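The chain that follows stands alone, in the form predicted alone, written as structure tokens.
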Amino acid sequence: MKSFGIEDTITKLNQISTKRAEVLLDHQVKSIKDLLYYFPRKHLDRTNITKIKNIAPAHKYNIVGTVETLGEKRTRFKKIYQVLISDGTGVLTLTWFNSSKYIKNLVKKGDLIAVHGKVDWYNGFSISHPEFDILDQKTDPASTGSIIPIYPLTNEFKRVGIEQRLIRKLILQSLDKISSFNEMYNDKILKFHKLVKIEEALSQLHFPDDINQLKSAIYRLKFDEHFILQVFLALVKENIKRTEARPFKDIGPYFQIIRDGLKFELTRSQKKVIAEIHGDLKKENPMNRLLQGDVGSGKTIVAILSSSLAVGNNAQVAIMAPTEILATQHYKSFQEELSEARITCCLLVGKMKKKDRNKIITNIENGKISVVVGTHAIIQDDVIFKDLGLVVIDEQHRFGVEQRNKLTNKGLNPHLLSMTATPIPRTLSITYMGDMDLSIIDELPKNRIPITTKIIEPTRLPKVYAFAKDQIDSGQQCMIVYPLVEESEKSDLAAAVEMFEKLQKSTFSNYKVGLIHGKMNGEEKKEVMRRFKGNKINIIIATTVIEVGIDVPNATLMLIEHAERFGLTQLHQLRGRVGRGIKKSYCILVNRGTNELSAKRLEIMESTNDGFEIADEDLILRGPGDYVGFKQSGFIKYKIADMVTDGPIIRTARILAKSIIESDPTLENHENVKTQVIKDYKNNLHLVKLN
């Protein structure tokens, strides 16, 4: 007899004591529903279990056996803990170094244990530091169903007697007793998208009949998580559409003057995104567009021409960049082009003379300055715009939501153009940036010559230094990048300051060597960069402070020390500091590590200059949480969905969410989707925040 509601407390279940309820509550399991959504961390597939008699060294296996003996063993240099298991066909030794207490508390003689790891041969078959799970004798895969769920269990769970068997028993009891499940989709949606019903999905996830049923269950539950997020993003986008903004319907007098005065021809891609931006600016709701463009693709001129459209409609423009170097670089580019059309432009940064700053903010307030380029200094309370109509935020992932909002709030629903030189992986673009329209500059200017990238071992550095001298003797310049400014940890990491002094005195003693790093003050950095840009410095030794905002067309060689320490995206950003002129450029990656993952990163860098391809690979290697800027700002935490591998599911979920919100923006039509279920279900997503 069905007797539970899905929202009922877990205390209704048998064997849930007060202590067990408290521990479950600490792990966000309060209701029957929470328990059903306490998903297995993996499944043990009986068909993938190998008998010990069939294993061989140097291969990875899944093995299930019973613990025969166990204990600590001392060697001359260290303590090891060994567990001997048998499956009736042979024996296997499991070995842990310096983990005696930890393993001793987990494993007992007679335990049934599932093991995964690489087999070695040392006086018999052995696995060092294997992955393992303690199974229950009654759920031995050899005598029960072919697929066994393995749940994440903490020490707190085990302390109150919550083991794998009890979790499975509680979930089975819940599935048997629930009176009804809240199905999110109607039959039409379920059929069209080939989704199993939620009751079947939850049942098959915890107790799968076979691998295909399990796959269908996982697909449905992944789809739900992606769909809910896409609904929220679609609602945000719909809300923007319902917000009134000032349309810029006229091209105005300045756009044509600037475009005709360019010393280069716009690429097809630049023309396309300018048309997309212009189309948004004409609308009576605020633009919310993200402009993605690879390093050196020409985003700045797109921002300049877009700004001229706003100024041509008597509105002001604010451009905010994350660093003073980048802001200054933008200001010079804007000033050079805007002066042709006699558009007033200023630079507003943190460290300015009070007299100069007061004059600038007065002219911003009275409207005499049309375009303001700056850093966080723009969002200070005393900076008041007369009529802010367009906000441009560069490297937008480096700013928090509050900072971005503070700038847009200085106008009456101004249009917003966000820019990034960090290509965002496709799956992130349609999730994390799903509430924004997307423009992509996917080609480089015609005069750009592809950068040649090479990985080298440290022993080849003398040849690279000789090549650097050849480049300098031909009138070119070089950059050498190090991960750290000074030694702060016990490692072989070469510090920028130390190597600057060494290279200046020895290898490059006949050349002018400069140093720039994050601990220098703004004026010192400006002076070094001014001299480098003027070719008064032949070689600049730097930290990642040069990652963005450095535009020296004469620099043709980038040498990155300890390249294995950098992420793919950061390496690509650094590489983009060269290859900005008409001369052939090179990026040399010095690999001082032995890590297999870092070696793969460097190989990707060597094989392609395509930032979007690199971004996709970076997402696979590092995961979304570690992707540039997102971990710091908070990222989406899924229970079962995977941002890296779920691209097709995300796209399908987005199409469905978009179609529903467009036809039913208030989610009142229950024929589309059960809105109350969406409101309830969002609690299972555990989103930190969307931005």
Ligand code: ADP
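Predicted model only: the values in this text are computed from it and were never measured. Residue numbers run from 1 along the displayed sequence.
Below, we refer to the form predicted together with this ligand, which is not included among the displayed structures.
> Name the stretch: of 554 to 562, 273 to 281, 446 to 454, 154 to 162, exactly one has residues whose heavy atoms fall within 4.5 Å of this ligand in the model of the complex.
Going by heavy atoms within 4.5 Å, the stretch is 446 to 454.
> Is the gap between residue 269 and this ligand in the model of the complex 4.5 Å or less for some heavy atom pair?
Outside the cut-off, so no.
> Quick check on residue 264: any heavy atom within 4.5 Å of this ligand in the model of the complex?
Yes.
> Closest heavy atom of residue 601 to this ligand in the model of the complex, within 4.5 Å or not?
No - in the model of the complex, heavy atoms of residue 601 and this ligand never come within 4.5 Å of each other.
> So in the model of the complex, does residue 580 come within 4.5 Å of this ligand, heavy atom to heavy atom?
Yes, residue 580 lies within 4.5 Å of this ligand in the model of the complex.
> Of these, 230, 422, 307, 297, which has a heavy atom no more than 4.5 Å from this ligand in the model of the complex?
Flagged contact: 297.
> Though this ligand is not shown, can you say which of 195, 221, 301, 170 has a heavy atom within 4.5 Å of it in the model of the complex?
It is 301 that has a heavy atom within 4.5 Å of the partner.
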